[in-house]
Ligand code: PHB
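Just the one chain here, the form predicted on its own, laid out as structure tokens.
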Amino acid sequence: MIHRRNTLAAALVAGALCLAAAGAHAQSKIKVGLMLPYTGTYAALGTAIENGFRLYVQEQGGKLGGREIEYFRVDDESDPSKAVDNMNKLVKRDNVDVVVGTVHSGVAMAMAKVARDTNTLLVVPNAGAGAVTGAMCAPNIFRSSFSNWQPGYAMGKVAGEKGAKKVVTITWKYAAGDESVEGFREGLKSAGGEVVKELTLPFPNVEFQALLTEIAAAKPDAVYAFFAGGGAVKFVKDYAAAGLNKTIPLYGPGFLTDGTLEAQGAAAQGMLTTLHYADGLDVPKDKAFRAEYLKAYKTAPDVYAVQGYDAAQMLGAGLAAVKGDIAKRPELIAAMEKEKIDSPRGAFTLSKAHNPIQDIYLRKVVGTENRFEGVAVKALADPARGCKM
């Protein structure tokens, strides 16, 4: 009799423990690591990405897949040499379930390597490094933004179609700049033009004067520039101050003018850029998003905010499919892969390499807007060179 009572008691304790564990799972929070630039050249971009991510979570009542979100933040300082240590702070110290980051392509590639080695879920909300969804592609790595190749290729086609036959390119000498120029060269060649000179300077150097002198001497039909943040502000202003904008059209991917127009002022007016987002899109989701973002943060959103918002949407789709059980990794990944994201940029799907297949828009700077001019390339997919997934 005593033995039967002990057995019953043990069964009751075991059952209680199971219920407690289930309850703990239901109540525990999803740990999201935000590895973004909060200081330096790209600080404003990192803030916009975080704001967009948090806005989507707030719209879902503070939960994704029925579970509350707990945030862990690390300033990556846009420094590739610190990337592995910073990533490990989130993965090994904080034991996050997913990492969202970053802006700088060199940092993102180091993050992707750690994500592959540790099987950590990674969503890249900006950095367009081709390798992330190319040679380094993996089931647990997703991108909610673009590849550097995509807007570059689209701008090359536009420039060629506008009659640019001989073009000079200028960029920081790093992965993002190299890949953007490569995409531009391919697009320009397809439209009958060629890159006649490539000018570079180390990141984040902004001493442009000597290179502007080279541009003036070369007398190209156009210039293609890849810069972002504070560097983009200074380059556009220096280009105009040198008088080059009066005779040589300046083209670029949208990062040249996104989040920078107020600081660039008159120097940017009339510039054409290409990107997967624009002001004045006739997209109902975008109108609602812009209103909510302005209400929450007292400032208008830009492409970086959109990419952060969509990173949360993608994660949310996966978590909804597994009812918040992030341990069900194959099911979560499958749901993220097949989801059609209702983005403010316009709906998009993901390629097999987990990069957005999306429209690239032609935009024109009018006042403080990158105003929609048309679709430069419809449903453009990155070539994902080297991806074996």
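What you see is a predicted model, and the numbers here were worked out from it, not measured in a lab. Start at 1 and count along the sequence shown; that's the residue number.
There is also a form predicted in complex with the ligand; it is not shown, and the following applies to it.
For the candidate set Ala228, Met155, Ala268, Val123, a heavy atom within 4.5 Å of the ligand in the model of the complex is found for exactly one residue, namely Ala228. With the partner removed from view, the residue among Ala115, Ala127, Met314, Val306 that has a non-hydrogen atom within 4.5 Å of the ligand in the model of the complex turns out to be Ala127. Although the partner is absent from this view, Phe72 stays clear of the ligand in the model of the complex, with no non-hydrogen atom inside 4.5 angstroms. Although the partner is absent here, Tyr297 lies well away from the ligand in the model of the complex, with no heavy atom inside 4.5 Å. The closest heavy atom approach of Tyr361 to the ligand in the model of the complex falls outside 4.5 Å.
Looking at Leu45, you'd find a heavy atom of it within 4.5 angstroms of the ligand in the model of the complex. Of the candidate stretches 102-110, 204-212, 183-191, 283-291, only 102-110 has residues whose heavy atoms lie within 4.5 Å of the ligand in the model of the complex.
Counting a residue when any of its non-hydrogen atoms is within 4.5 Å of the ligand in the model of the complex, the one hit in 245-271 is Phe255.
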